[in-house]
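Below sits a lone chain in structure tokens, taken as the form predicted on its own.
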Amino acid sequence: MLPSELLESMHGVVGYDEKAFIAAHDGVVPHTSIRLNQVKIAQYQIPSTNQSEDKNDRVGTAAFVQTHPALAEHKPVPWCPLGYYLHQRPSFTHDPLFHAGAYYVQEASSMFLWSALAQCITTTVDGLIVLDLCAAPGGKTTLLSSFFQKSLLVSNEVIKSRASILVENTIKWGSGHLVVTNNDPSHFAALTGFFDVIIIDAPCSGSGLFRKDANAVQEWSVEQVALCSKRQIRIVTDVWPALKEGGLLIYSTCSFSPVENEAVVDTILEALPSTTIQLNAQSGIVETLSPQLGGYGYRFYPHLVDGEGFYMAAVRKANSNQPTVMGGNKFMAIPSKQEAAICNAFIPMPADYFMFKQGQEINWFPLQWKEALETLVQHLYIKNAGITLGEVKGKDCIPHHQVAMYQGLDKSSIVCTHFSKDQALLYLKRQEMQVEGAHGWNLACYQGLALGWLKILPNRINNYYPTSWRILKD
């Protein structure tokens, strides 16, 4: 039973049809959709059916879509070129390619972010600094990583436990141009004019996900909606100084409540120097105007689109002659020449990157963004930055799981062991397995994509897949 207060609050909202809305929630199984990691999919291989050919043939995106069982009878998500609906929900836990970061399971409506960015950024998507402010578990961040491949992406989560989940999902995705932070939105105010784009997928009452989460209906209340609205306004206001003049802010929720959507846009337009951007919405997406100041917004209703409830507004910051902060003086430790040489002998650092140390671990980070990273270190708590290569112990480099998952990892100097699906699942479960391969460090791979490290010794095999990530169920 849907809350009567929610239904009443939506009367008069454009696109709302109470009868159709209720029917769309009545025992309907929600769609399952995934978004591909285009860099990793380009490395995807399937076993050759011709024994005269190499063991694996690289086939890329088109053949991945055609051959992966989850994508049988697939249908593209119309507003995101990397998104696909699945005809049924498979066991993602038991698909090694999911753990390899080949795709991310994301609700289709929220993938509209791709279309909004493509329409709002009309010059270049390279060389920008982008913030995903409320990022966990990582759906928007991984999409942004694919969209802004040559920009700096900062992904933040205020809740510590959720920030750890965000780190896990971004490591699997494998981007090298990403910084994960664990800060309150107010902490970003000191970074005046630092970001070209800010994404706020704000915490909300969750009514847009009623079909996917039965508990959400029981937890919903008018009081919670009011509390969420106040929090949403505070979040936008706190981070606003960090957005550049002319910069883009995308505000979204998974709520149907007008007070969390159009009313928040009215508050933004009234309190902050800004305008909203009119988008070209695909069929079924409903354009709305905020009641007081006519700000453009876009609603997704489950009776009109193949997706769950969602709202988005694109806001452009007006010029206000604000300063831009850049630079810092907080010390970043640099590896010794010996440590750098040991690391490069094991895995050569990519061109145009530099090394720094975080504790005992050595990281790679794009040289282009060195000054920006120094600025972030000065003002924020950094959980992860760039790619963690590993730790030097004696004359050896002990590789970190993150470098195995790095999209740009050069495998030519690394010994790779190719697993069958059964072997891959044993590895991901950290169960006993038999592997033939050269002694020493091996990169465990499945259909061309890396899963992690293992070390083959004369009398045993050491599995270095992260213990806390292992598959627990059969």
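Note that the structure is a prediction, hence the values are computed from the model and not measured. Numbering starts at 1 and follows the sequence shown.
Although it is not shown, the form predicted together with a small molecule is what the next lines describe.
The small molecule in the model of the complex is not approached by residue 81, whose heavy atoms all lie more than 4.5 angstroms from it. With a 4.5 Å cutoff on heavy atoms, residue 134 counts as touching the small molecule in the model of the complex.
Within 4.5 Å of some heavy atom of the small molecule in the model of the complex lies at least one heavy atom of residue 202. When contacts are judged by a 4.5 Å heavy atom cut-off, residue 139 counts as touching the small molecule in the model of the complex.
Distance criterion of 4.5 Å from any heavy atom to the small molecule in the model of the complex singles out 185 from the list 185, 366, 390, 96. Proximity to the small molecule in the model of the complex, taken as a non-hydrogen atom within 4.5 angstroms, holds for one residue of 150, 370, 87, 162, which is 162. With the small molecule left out of view, the stretch that reaches within 4.5 Å of it through heavy atoms in the model of the complex is, among 231-239, 337-345, 278-286, 118-126, 231-239.
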